[in-house]
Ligand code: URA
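Quick setup: one chain, the form predicted on its own, written in C-alpha cells, and binding and motion questions come after.
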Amino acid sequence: MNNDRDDRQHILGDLLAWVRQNESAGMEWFLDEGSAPVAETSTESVVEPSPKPSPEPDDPFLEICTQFIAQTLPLIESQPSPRPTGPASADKASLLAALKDEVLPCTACSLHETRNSTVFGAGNPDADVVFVGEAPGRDEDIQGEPFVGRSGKLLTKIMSAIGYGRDDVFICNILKCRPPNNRDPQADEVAACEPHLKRQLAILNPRVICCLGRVAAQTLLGTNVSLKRLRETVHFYEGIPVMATYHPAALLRNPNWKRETWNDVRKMRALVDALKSGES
C-alpha cells in the first residue's frame, strides 16, 4: 500500500464524497421488518420512502468515518502479518468447488446427525468482502444456502444500500451445519469446522471480513470482548482485516440498532474502497 501522505488525503477526500452521496441509500432498509410499518400496495410493491437529504458537511458521521479510515490504514500497513497472497482469481472458483465437495459430507462433529443440508457458503469467489455469520438457521438448513430467511433478506438490503449485490460478496458461517434450536456454536463444533473456514478464507482472500454478530466475531477472533468494543476498531484474522457489526436477526428484534449498523457497514465499504485505491 502506498504510504504517501498526499495519496492518503486523496483517499479521504473521496471517502467524504462517497459518504455524502450514500447517506440517503440507508433509508429503505431502515424501514424493514421490525421497524415502523410501511404502506403496501401489494405483496410485491412497497411504497418508497422519500429520499433523505444529504448530510451537511458538519455531520458527525463524516468526521467519525474520516478518523476511522485515517487511523485504520496505518494500522493495516503496520501489521507484521499482512494480508496473504491468495490464489489467482481464475483458480478460486474451482478451488472453492473442490473444497465444497469435501465439506458437504462432513461428519467431523455431531451436527451432521441432525442437519438437512450442509451450508458451505455462496457468492463471488473474487469478492472484496466476506460476510461471516455464526451458523445456518432453519431456512438455511432446508435450502442449503446462507442467509435466505428474514434476516438474510434484511442483509441483502443492507448490502444493497452500500452498493453490493449478493453476487458481489461471499457469505458463509462459522459452522456449516445448523445447531439444534439455533443455539450458539459449541467449542468442539467450532474446532471441527474451523479448518473448513480457514481454507475457505485462504482461497477467497478478501480485502475485508465482516463478522455479523457477537458469536461470529468472538469465535473468529478467539476473544470474549463485547461486540460493542469489537465494533470500534479493525481486527485481524490470518492477516486479513476484520470488522464486526450486529447480526441482521438482532436488528429484526432491536430496530434501534439499525443506525449503528448503517454506520458500521458504511465504514466497512469505505475501508474496502480505500484499500483498493491504495493498491492501485
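Counting begins at 1, following the sequence as shown. Bear in mind that the values here come from a model prediction, so they are computed numbers and not experimental data.
Omitted from view is the form predicted in complex with uracil, to which the following refers.
- Here the chain stands by itself, but in the predicted complex one stretch of 193-201, 98-106, 137-145, 77-85, 137-145, has heavy atoms within 4.5 Å of uracil.
- Put simply, H247 is close to uracil in the predicted complex: some heavy atom of it is within 4.5 Å.
- Contact annotation: T118 falls outside 4.5 Å of uracil in the predicted complex, judged by heavy atom distances.
- Contact annotation for S151: at least one heavy atom lies within 4.5 Å of uracil in the predicted complex.
- Interface residues of 168-207, taken as those with a heavy atom within 4.5 Å of uracil in the predicted complex (partner not displayed), are limited to N173.
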